[in-house]
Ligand SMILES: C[S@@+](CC[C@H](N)C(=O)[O-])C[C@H]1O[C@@H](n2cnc3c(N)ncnc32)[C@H](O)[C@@H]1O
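Next comes just one chain, in structure tokens: the form predicted on its own.
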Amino acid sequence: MPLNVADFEFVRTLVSKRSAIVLDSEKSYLVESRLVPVAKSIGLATTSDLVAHLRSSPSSGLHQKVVEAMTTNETSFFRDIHPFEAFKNVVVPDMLKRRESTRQLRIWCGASSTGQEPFSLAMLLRDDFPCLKSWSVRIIATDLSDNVLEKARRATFSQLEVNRGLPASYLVKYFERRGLEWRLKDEICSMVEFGKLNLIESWPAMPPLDVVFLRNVLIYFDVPTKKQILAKVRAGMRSDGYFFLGGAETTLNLDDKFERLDFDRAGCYRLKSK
């Protein structure tokens, strides 16, 4: 049975306050389907029982579980290949020239989910830019969800997951078979640092960023929240850095200090020259 209006409004408000994710009223059945496993995990029969429990325990960790259940963790290796092609063909070669004196490269993947995006970048760097082995390269990957971060740190993927977007040569070169699953080798795992970050809360200190991937997450926020997040990204980027958004996302009418680059379907931006 779907959530009644009052229960749906309670969940919608909870999720909005904790994550700024906007749940439209037509998504009530989606909300219901995602709450069922949470209810079962604590021995409750219905989602109505779950909401009643949430109402009576406002400070419990269950609230975070509900918020995490509402987040969309769709990801794959080299998802929407065009940003990775731009990264390989334009961004990294440019950074090799611009950062030659410091030999440092700092990359942040926000909303990194179960790790496929940052691990894709790490494999690409290791495979196509061996000169970077002598550089200081940091790939910082963050997400709101403890569950997906735990899976990302394990760096172990199913056959279905490695079949989605991962080149066969990378599978052979950088993964080891573990029963029915595949685990990334330590040489790649060690290139990525995972940490928890809620985009609408205070951000931890990060080094000045050369490249930012914040793809397919702004679409879940309202306009004021998008503006706040873009302002934070801008403050954390180097003036000559690169910023990648998802294919359905834009800075247009949100932040006029970014300009879109003419990369084929890559959704890449830079700060405008002052």
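Note that residue numbering begins at 1 and tracks the sequence as displayed. Because the structure is a prediction, the values reported are computed rather than measured.
There is another form of the same protein, the form predicted together with the named molecule; it is not shown, and what comes next is about it.
The single contact residue among 89, 73, 190, 158, judged by any heavy atom lying within 4.5 Å of the named molecule in the predicted complex, is 73. With the partner removed from view, the residue among 141, 199, 122, 152 that has a non-hydrogen atom within 4.5 Å of the named molecule in the predicted complex turns out to be 199. Taking non-hydrogen atoms only, residue 233 never approaches the named molecule to within 4.5 angstroms in the predicted complex.
Though the partner is left out of this view, residue 111 does reach within 4.5 Å of the named molecule in the predicted complex, counting heavy atoms only. Using a 4.5 angstroms limit between non-hydrogen atoms, residue 79 touches the named molecule in the predicted complex. Although the partner is absent here, residue 216 lies within 4.5 Å of the named molecule in the predicted complex, judged by heavy atoms. Note that among 98-106, 124-132, 144-152, 172-180, the stretch whose heavy atoms approach the named molecule to within 4.5 Å in the predicted complex is 144-152. Residues from 115-130 that approach the named molecule in the predicted complex with a non-hydrogen atom within 4.5 Å are limited to 117.
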